[in-house]
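Take a look at this single chain in structure tokens; it is the form predicted on its own.
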Amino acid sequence: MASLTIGRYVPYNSFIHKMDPRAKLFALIILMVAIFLPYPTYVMSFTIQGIIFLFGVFLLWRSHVSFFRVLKSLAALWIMVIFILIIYVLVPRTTNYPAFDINGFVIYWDSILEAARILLRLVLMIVLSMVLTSSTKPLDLTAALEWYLYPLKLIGFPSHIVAMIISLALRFIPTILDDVERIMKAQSSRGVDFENGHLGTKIKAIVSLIIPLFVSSFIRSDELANAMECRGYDPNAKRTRYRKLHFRAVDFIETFVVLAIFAGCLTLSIMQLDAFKAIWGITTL
């Protein structure tokens, strides 16, 4: 779990680190929407998501985040992959293209391709979120969230409090994962086996992990609240900032590139012409 980089800021002097956090957050939201747009064919869907994946790999490289660490952090998705595959195999959307037969039970290509598309979307979400959190300081991310939520202040919405809560949650993801690893090592040294044994033994092992983790998290949150109070933090007071956020030329270029990608994805998503489908392949595949 120590290799998981989601929520962990990696300080470097790259152009992505220097970008305005508001532009990076906007790009993340736009690309997330582009990923989940419906496309008429699987070929088109995998092609577009593959292009976005390559774009995300480039951003990871420029953010100095090792792609092998990303692969390690994705290893925990195998349970979700199996679950998704089972769901789509048991409840196929179409029965037009059988893939193979297992003792009379037919598995269709649509089920396999749909599960693969969902998996690729999850991978893209993690990759893009990792780019944002590894290249943006928690305080800058809080400022960006508060800037976007500022219009809601007109109706009395506590935008600053919500932004601070989200920022702290992202900040403490790696800390909690470090606590999990530390507690697992401590419990393993006391004879707790997290890998072997029957179901009852594994449940007891998980309980021995969860309870100390909750206690540690509550202690850490109490210490954080005390530290913020000692420094005079008041969520209802008008706050000033030492560093002001400013859009630069690179931020406008990045926003233009992301909007161009989104416009292309949106155009391909709404185009349902038969001639266009004929270029990309069969209607379903």
Partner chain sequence: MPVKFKKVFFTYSPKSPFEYEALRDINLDLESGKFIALVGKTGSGKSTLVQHINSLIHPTSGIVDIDGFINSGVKKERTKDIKGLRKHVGLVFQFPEYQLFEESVEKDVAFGPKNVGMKEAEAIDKAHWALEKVGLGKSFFERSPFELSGGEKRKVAIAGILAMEPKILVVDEPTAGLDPAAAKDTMSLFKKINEEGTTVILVTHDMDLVASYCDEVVVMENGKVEAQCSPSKLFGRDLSEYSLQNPHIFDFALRLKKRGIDLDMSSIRTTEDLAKAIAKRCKHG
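Positions refer to the first chain, counted from 1. Just so you know, these numbers come straight off a predicted model, no measurement behind them.
The same protein also has a form predicted together with its partner chain, omitted here; what follows describes it.
Given that its partner chain is left out here, which of 162, 71, 106, 215 has a heavy atom within 4.5 Å of it in the model of the complex?
-> Exactly one listed residue reaches within 4.5 Å, namely 215.
Quick one: of 86, 186, 152, 80, which gets a non-hydrogen atom within 4.5 angstroms of its partner chain in the model of the complex?
-> Result of the distance check: 186.
Taking heavy atoms and a 4.5 Å cut-off, does residue 156 contact its partner chain in the model of the complex?
-> Result no; residue 156 lies far from its partner chain in the model of the complex.
Non-hydrogen atom contact residue 208 with its partner chain in the model of the complex at 4.5 angstroms | Although its partner chain is absent here, residue 208 would touch it in the model of the complex, with heavy atoms inside 4.5 Å.
Within a 4.5 Å heavy atom cut-off, is residue 204 in contact with its partner chain in the model of the complex?
-> Judged by the heavy-atom cut-off of 4.5 Å, residue 204 is in contact with its partner chain in the model of the complex.
Mark residue 200 yes when one of its heavy atoms lies within 4.5 Å of a heavy atom of its partner chain in the model of the complex, and no otherwise.
-> Residue 200: no, not in contact with its partner chain in the model of the complex.
Have a look at 106 to 114, 144 to 152, 178 to 186, 126 to 134 and name the one stretch with heavy atoms inside 4.5 Å of its partner chain in the model of the complex.
-> Result for this chain: 178 to 186.
Complete contact of 8, 192 and 219 with its partner chain in the model of the complex (any heavy atom, 4.5 Å) | Every residue of the candidate spot has a heavy atom within 4.5 Å of its partner chain in the model of the complex.
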